[in-house]
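Encoded as structure tokens, the following chain is the form predicted alone, with no partner shown.
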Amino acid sequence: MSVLDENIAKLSSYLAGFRDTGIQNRIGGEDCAGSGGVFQSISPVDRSVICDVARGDETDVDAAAQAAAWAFPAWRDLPATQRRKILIDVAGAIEARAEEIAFCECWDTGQTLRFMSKAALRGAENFRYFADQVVQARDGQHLKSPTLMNITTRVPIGPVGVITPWNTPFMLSTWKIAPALAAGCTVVHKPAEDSPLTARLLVEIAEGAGLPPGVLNTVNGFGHDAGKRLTRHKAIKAIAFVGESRTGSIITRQGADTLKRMHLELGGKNPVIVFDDADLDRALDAVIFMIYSINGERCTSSSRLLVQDTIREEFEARLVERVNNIKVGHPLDPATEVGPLVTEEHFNKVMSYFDIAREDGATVAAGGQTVGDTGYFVRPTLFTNADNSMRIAQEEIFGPVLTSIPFSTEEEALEMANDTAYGLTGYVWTNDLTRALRFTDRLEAGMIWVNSENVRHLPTPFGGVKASGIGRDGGDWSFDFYMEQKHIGFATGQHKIMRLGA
């Protein structure tokens, strides 16, 4: 039996419970049917039905918000050391079920095992990291003035809503949920309707590890009813959202009437700029990794290659050779590098850009084709002979598709890099330190890596500018979002108070 056959057999055992009972909403520690009936989760690998999923609507969100509000005082007031222990236990429980999480995520989203096996463990790392920050999360400052001892402190904001996407859903959910719980908030989680499996596993794991009922509630459903109600609900004090920029704009409007705090991690059309003095072997590896890993379905992917014209021909030729060699296949095959796209709708969207590229005058130098006829598989694709005004250079395709654009000068590269509605990440490859300093200072992006691919370090701020979002995740920045800052002034003597009407 091959490794793939063994993995498929394991997957069948992991999916048995989902197939038998479907996925229920989890509200206040209880399984609940969806008031909106059910919808089906479809695997992008072979278009088969995985299971029925409870479709939550406004009624279910109301119940979940009430459960989160009920559970909030006790969770807020739990000693920090006890809350820390629970979160560490959650991390350990995630690690114990990491293979199950990874296999389910591969089947549900089409992501490959070589990446999802690590994503599950990163989820545990997120819980463990923020657990270690619990004790000092409320710590403030002593700001002395002539007449007062001024103390700052932070308190949890209250019940929060977390809305997560379908690309690497488990890891991204833990990025949001772990710091919220560490801060002392309770959570209503609405996962993407296209990837509900691991959200169910997360709430099961968390409660099994000792998280009290109602602290984490999961409501499955669609954005126009369940999501809309969550963003408008008075009991929900903040919304942490990961997804498209257009959806982020809608969510902001929906939360306006309740003055809801928003953290928005949105789209990107991120440039990777390769100068002719760069280490071209390492740059080539990084360019390929940052667009074709995770099936290209990542907000931080470097989907625009800006390559200096003096090395363009050689660099693109090497790209074509490597891109044509990327293995597309079953996501549970350890050799697979790119799996199927997540849904038929998204598959059709990505495919549409092949014709758009040709119509605009670009060349499909590699890929531009489907693979097989059972699932949503697309060959990794490279567009050349492009310019920055083309739709393929301006619109977020969110698939394994790279657009290569030449530049001649540093100033031209900077102008093109910034000529986009987005500003999430940027990647700069050069061995000229002063150029790197100049360029990164003027590059419009929330996160920039020099001579590196995206290497996430949890204490650092994660987020974008322009249409790529509002706010930052990571380290103390997460606590700034999930907690309210308070100031308390203590008089140190009997200072003069102005007397009116005396």
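Start at 1 and count along the sequence shown; that's the residue number. Computed from a predicted model, the values in this text were never measured in an experiment.
One more form of this protein, predicted together with nicotinamide-adenine-dinucleotide, exists but is not displayed; see below.
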Within 4.5 Å of nicotinamide-adenine-dinucleotide in the model of the complex, all of A120, F127 and L181 (non-hydrogen atom): no
Proximity of P191 to nicotinamide-adenine-dinucleotide in the model of the complex, heavy atoms at 4.5 Å: yes
Distance check, T247 to nicotinamide-adenine-dinucleotide in the model of the complex, heavy atom within 4.5 Å: yes
4.5 Å heavy atom contact, K228 and nicotinamide-adenine-dinucleotide in the model of the complex: yes
Touches nicotinamide-adenine-dinucleotide in the model of the complex: F315 (any heavy atom, 4.5 Å): no
Per-stretch contact check against nicotinamide-adenine-dinucleotide in the model of the complex, the hit in 109 to 117, 76 to 84, 405 to 413, 234 to 242 (non-hydrogen atom, 4.5 angstroms): 234 to 242
In the model of the complex, the residue from P156, G367, G375, P165 that sits within 4.5 Å of nicotinamide-adenine-dinucleotide by heavy atoms: P165
Answer option from V187, L382, C299, I392, heavy atom within 4.5 Å of nicotinamide-adenine-dinucleotide in the model of the complex: C299
Sequence-ordered list of residues in 267 to 283 near nicotinamide-adenine-dinucleotide in the model of the complex, where near means a heavy atom within 4.5 Å: G267, G268
